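Take a look at this single chain in structure tokens; it is the form predicted alone.
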Amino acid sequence: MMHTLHSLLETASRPHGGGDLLVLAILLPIVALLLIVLTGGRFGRAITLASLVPGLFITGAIAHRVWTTRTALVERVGGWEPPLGLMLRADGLSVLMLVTTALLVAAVALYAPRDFRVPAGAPETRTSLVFWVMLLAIWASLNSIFLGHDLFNLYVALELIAFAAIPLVYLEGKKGTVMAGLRYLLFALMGSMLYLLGTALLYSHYGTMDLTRLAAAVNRDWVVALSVALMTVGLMAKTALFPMHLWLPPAHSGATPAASALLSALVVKGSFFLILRIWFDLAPAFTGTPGAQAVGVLGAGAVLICGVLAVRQTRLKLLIAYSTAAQIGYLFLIFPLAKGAGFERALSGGVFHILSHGFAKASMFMTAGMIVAACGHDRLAELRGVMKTMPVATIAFVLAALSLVGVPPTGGFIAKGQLLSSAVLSAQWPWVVVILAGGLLTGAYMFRALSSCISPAPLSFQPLAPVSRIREWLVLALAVIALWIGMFPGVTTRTLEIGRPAPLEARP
């Protein structure tokens, strides 16, 4: 295994090599998925867990290549140049997302087996088989989005994510989860239709769907404006931005803990990643425009309204789900803030929020699953004794909550600090109020959850199931990563600068 890692790192460090790693990052989970199907589902868990090690090595090799050369890693599949061929490209932003995805997929895969137990020697049950297959499909699809450079192929990856994520919503087959899955499907299809319509409009006008060629050709005209608007609205529906968030709370709260962590931490970030590509790489002239201000208003609505809804929840998983809808709003404040002196800070603040929120929210949903297993429910008013039963997991929940609130030195603090700084530098004071008010609301609903968990247990309290110490340390590790992101912000900032189409500098 060490020899394999050494070979991958050696390939990645060659001046003109390493492009094949990008193909491997997509192919590996697909091959693992096909192996599960070909073996009749007998070894779903084993094949998935076995794929984690080479997957992490490949991701590490890509990150090593991009970091050491300080240039984007490019692969022209089959040697064909766009627009005839398909190009894969890994810049600093792609690397950050690839590493985050690999770590979170690994964490979910290590957490999940206890929820999908299969007797020794028996084949996987239908539920467990679907989970492992969909987990690998989401991993491959997300990697395709982070490395893709063609609008149509990105559309295909978006569709694959949706059709892999939706089965995870109603995995348990309960009536409520089936309805939530159907609502998710409706919003996903609407979003796909709008995205595809915008892509078709661009292709009909410019004759290419390659992002680099389009960025060099597009003008700030009505065709580009309409295309960007259509694609943005479609991707907003998939990202669950207010008021198109209606599918997210029931879908994420009703799914299994591992699936909820995957959906909240990663799936909604895939579609938002494409919005970043469209606005900052394809049509950067639209940042800071009235259209960007309108996007910011929707983001503010998510932060404030979904924050209030989170405060009013009586169940832990629903509170965390509404928290996801609220925290997504911060991401859309990037677009009105990304102008003038605040451009660089707005973009880096959004990226810090993507990363820290992903690890914190995965830790929270997994902890909530452990609480449900121990208490038999997630009613906030009746969670006394959780701290005594699972102290490590409770500490993890506290750290994750601190990151969401934005308490130093967490990743959430750096994210919100960068956004605030951008708003001040560009003298956009209403967004300062939104960010600060959102922090207060986050603190309010997180305090509700934590006050219940740390309350003394009644003498008669006995957990319904033994607490897995491995799971406790796993959720703590995720929360610590959210903390680490804020303690060493220079790593993220320097990585983000690699391979940008233009320097991260103030733009008029």
Partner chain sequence: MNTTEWFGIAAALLIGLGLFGVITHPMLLRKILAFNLVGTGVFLLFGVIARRGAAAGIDGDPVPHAFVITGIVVAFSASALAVTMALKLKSDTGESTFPDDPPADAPDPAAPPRP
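As the structure is a prediction and not an experimental result, all values here were calculated from the model. Residue numbers count along the first chain shown, from 1.
Same protein, other form: the form predicted in complex with the partner chain, not shown, and the subject of what follows.
Asker: State the residue from Phe286, Phe116, Tyr170, Phe273 whose non-hydrogen atoms include one within 4.5 Å of the partner chain in the model of the complex.
Answerer: Contact residue from the list: Tyr170.
Asker: Considering the partner chain in the model of the complex, which of Gly385, Gly291, Pro250, Gly301 comes within 4.5 Å of it through any heavy atom?
Answerer: Selected residue: Pro250.
Asker: Each of Met190, Ala200 and Met209 within 4.5 Å of the partner chain in the model of the complex, by any heavy atom, yes or no?
Answerer: All of them do, each having a heavy atom within 4.5 Å of the partner.
Asker: Please name which of the stretches 399 to 407, 431 to 439, 191 to 199, 331 to 339 has residues with heavy atoms lying within 4.5 Å of the partner chain in the model of the complex.
Answerer: After filtering at 4.5 Å, what remains is 191 to 199.
Asker: I'd like to check something about Gly254: if you look in the model of the complex, is any of its heavy atoms closer than or equal to 4.5 Å to a heavy atom of the partner chain?
Answerer: Gly254: yes, in contact with the partner chain in the model of the complex.
Asker: Is Arg220 part of the interface with the partner chain in the model of the complex - any heavy atom within 4.5 Å?
Answerer: Output for Arg220 is no: heavy atoms all beyond 4.5 Å of the partner chain.
Asker: Is there any non-hydrogen atom of Gly296 lying within 4.5 Å of the partner chain in the model of the complex?
Answerer: It does not: once the partner chain is placed as it appears in the model of the complex, Gly296 has no heavy atom within 4.5 Å of it.
Asker: Check whether Gly176 has any heavy atom within 4.5 Å of a heavy atom of the partner chain in the model of the complex, and answer yes or no.
Answerer: Because a heavy atom of Gly176 falls inside 4.5 Å of the partner chain in the model of the complex, the answer is yes.
Asker: May I ask you to list the residues of 143 to 164 that have any heavy atom within 4.5 angstroms of the partner chain in the model of the complex, in sequence order?
Answerer: Those in contact are Phe152, Tyr155, Val156, Glu159, Phe163.
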